[in-house]
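Take a look at this single chain in structure tokens; it is the form predicted on its own.
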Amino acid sequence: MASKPGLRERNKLERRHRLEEVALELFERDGFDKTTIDKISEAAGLAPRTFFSYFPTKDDLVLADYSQRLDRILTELNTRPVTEAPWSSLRAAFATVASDYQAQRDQIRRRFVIVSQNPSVFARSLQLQAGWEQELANQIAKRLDAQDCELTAQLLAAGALAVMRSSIQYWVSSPRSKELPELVEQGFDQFAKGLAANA
């Protein structure tokens, strides 16, 4: 059983969450560009230097949940049977993670809007996703025992992330859409059949 975090660690997490929540509110109210790090720090009741001990830039604050998302995907992928087809393993892993996101719709929507409306944040998100793709490809390659497995693993990773990204985009922008796990599974199935068949 994992031990509970100590007081120091809990305080750090609380400050980090406070910075994120305050910043998202200010970004929505005043705009991303007009919201300075000084304003965020002041609203959170913290010194500006404290901000930089948690986030290198405002962009990284908006994308603060990215590393946790990747860890969750990799953890789920590693629980899948090694004999399972890689695309099936990816489908199951991403659908499970999508279930986690279901309860976080408002929070994800807020971040998604900021990312889509601000070029610097969007560029940073693509940079981080490229890192996701490589880490996923490395995990998938371990499951493959064929010639040119590196290219296959890269294609599988890129395809899986494209499905997840498109599903989330549709989910947050369409209030009456299906549940996210269902959209993700549907996207994986469509990808597997070949998109040209539906075009």
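Quick caveat, the model's predicted, so the values are computed rather than measured. Heads up: residue numbers just count along the shown sequence, starting at 1. Between two forms, the rigid core is the largest collection of C-alphas that superpose within 1.5 Å.
Form predicted together with the DNA: not shown, discussed below.
Asker: Could you work out which of Ala137, Ala64, Ile37, Cys149 is the residue within 4.5 angstroms of the DNA in the model of the complex, going by heavy atoms?
Answerer: Contact check passes for Ile37.
Asker: Out of Leu26, Ile168, Leu161, Leu46, which one falls within 4.5 Å of the DNA in the model of the complex, going by heavy atoms?
Answerer: Flagged contact: Leu46.
Asker: Of these, 126-134, 54-62, 150-158, 169-177, which stretch puts a heavy atom within 4.5 angstroms of the DNA in the model of the complex?
Answerer: Heavy-atom contact with the partner occurs in 54-62.
Asker: Taking heavy atoms and a 4.5 Å cut-off, does Thr50 contact the DNA in the model of the complex?
Answerer: Although the DNA is absent here, Thr50 would touch it in the model of the complex, with heavy atoms inside 4.5 Å.
Asker: Whether His17 contacts the DNA in the model of the complex should be assessed with a 4.5 Å heavy atom distance threshold; does it?
Answerer: Looking in the model of the complex, residue contacts with the DNA do not include His17, since no heavy atom lies within 4.5 Å.
Asker: Within a 4.5 Å heavy atom cut-off, is Gln186 in contact with the DNA in the model of the complex?
Answerer: Because no heavy atom of Gln186 falls inside 4.5 Å of the DNA in the model of the complex, the answer is no.
Asker: So, in the model of the complex, is Gln190 in contact with the DNA at a 4.5 angstroms heavy atom limit?
Answerer: The answer is no: Gln190 has no heavy atom within 4.5 Å of the DNA.
Asker: If you apply a 4.5 angstroms heavy atom cut-off, which residues in 6-21 are near the DNA in the model of the complex?
Answerer: Stretch hits, in order: Gly6, Leu7, Arg8, Asn11, Lys12, Arg15.
Asker: After fitting the rigid core, is the C-alpha of Asn11 off by 2 Å or more between this form and the one not shown?
Answerer: Shift of 2 Å or more: yes.
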